[in-house]
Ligand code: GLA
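A single chain comes next, written as structure tokens; it is the form predicted on its own.
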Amino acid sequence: MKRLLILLALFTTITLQFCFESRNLQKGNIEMADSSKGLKDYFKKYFIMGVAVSPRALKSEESAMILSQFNSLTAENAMKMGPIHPKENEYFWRDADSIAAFAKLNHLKLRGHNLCWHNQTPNWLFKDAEGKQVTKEVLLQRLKEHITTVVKRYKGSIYAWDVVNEAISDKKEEYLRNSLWYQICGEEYIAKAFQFAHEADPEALLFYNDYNEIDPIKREKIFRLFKSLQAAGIPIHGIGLQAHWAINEPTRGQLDSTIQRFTELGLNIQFTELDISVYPKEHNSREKKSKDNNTIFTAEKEQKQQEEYKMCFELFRKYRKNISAITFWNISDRTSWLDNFPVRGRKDYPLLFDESLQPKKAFWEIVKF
């Protein structure tokens, strides 16, 4: 009898252990299934999830991760005016075409970035044959020819364009940036750019795109620009908020009030260039100092970044009816433009994937909802 009880107890123990391990295995399978989902799957009912890419990335091991995580692409540099139209009668299509072809092959949406900007703009646009500054009429005609040519080439492939980029001044007392576009054409070049883009592709969504949108003064200047364009009947469909942020900004209040303000325009809102630096925000480029040598991705930096991403996506979901897309600026911490800005040569870790292309804690934090 005693021997029977011992055998029974042993059988019960083995059975319970099997059940426990079976439950753990099932739980592990669930977690494995969840980890196989990408951002595009987690946010399928909320936003288009995009990423800025280079042609090189699409030929590397990063391409598989892009396809697993995202359903939209933006050309980081290949469609900007300088790279794509370096000389008056010369276009360089190869890089932009390769991104467009990759998007089409893999059924990804494609955003065009950008048609008119004060940076990465070739000097020939502003000069005549003798090197003198061109007239307003000449510059607007050149702008029209550029926009028409580029937009028509990708008509049907690009669903949305950043038409004008960063036209608002960062100076508190100044409304529009004192660029050559503004010096030669005045404010009119902005409206004309949207008109030219709409004529070239009436189906494309047209965005104005800018950064530091969480600053109340700049925010109101962006708002003012939109209201003036709307009042003039200019074809503008959305606001692109770049979202180059950091572990110390925006605060929940800053971001909430920013999104709320722009919902008043009744336009499509997209966060177009999202990254969150692990260093406190600085707005001006500077040389590296001794204090900047501590570039290790510490647990403290990771925690702060994780909290900031979580807060941002909570508010994105809150305004899901107004926000149509979120685009990350670069793929992983392996390469980021923030490795050189604002501190030249300093390594940053601003994205959801580490240098080995693995999801960081911030990734798991934003998909838990």
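The model shown is predicted, which means the values in this text are computed figures rather than measured ones. One rule holds for the numbers: they count along the sequence shown, beginning at 1.
There is another form of this protein, the form predicted together with this ligand, and it is not shown here; the text below is about that form.
Put simply, Trp337 is close to this ligand in the model of the complex: some heavy atom of it is within 4.5 Å. At the 4.5 Å threshold, heavy atoms of Glu213 stay clear of this ligand in the model of the complex, well away from it. Among heavy atoms of Gln120, some come within 4.5 Å of this ligand in the model of the complex.
Asp95 falls outside the set of residues with a heavy atom inside 4.5 Å of this ligand in the model of the complex. Against this ligand in the model of the complex, the set Lys80, Gln242 and Trp329 is in full contact: each member has a heavy atom within 4.5 Å. Of the candidates Ser277, Asn71, Gln270, Asn165, Asn165 is the one whose heavy atoms come within 4.5 Å of this ligand in the model of the complex; the others do not. Note on the interface: of 145 to 153, 109 to 117, 183 to 191, 226 to 234, the segment with non-hydrogen atoms within 4.5 angstroms of this ligand in the model of the complex is 109 to 117.
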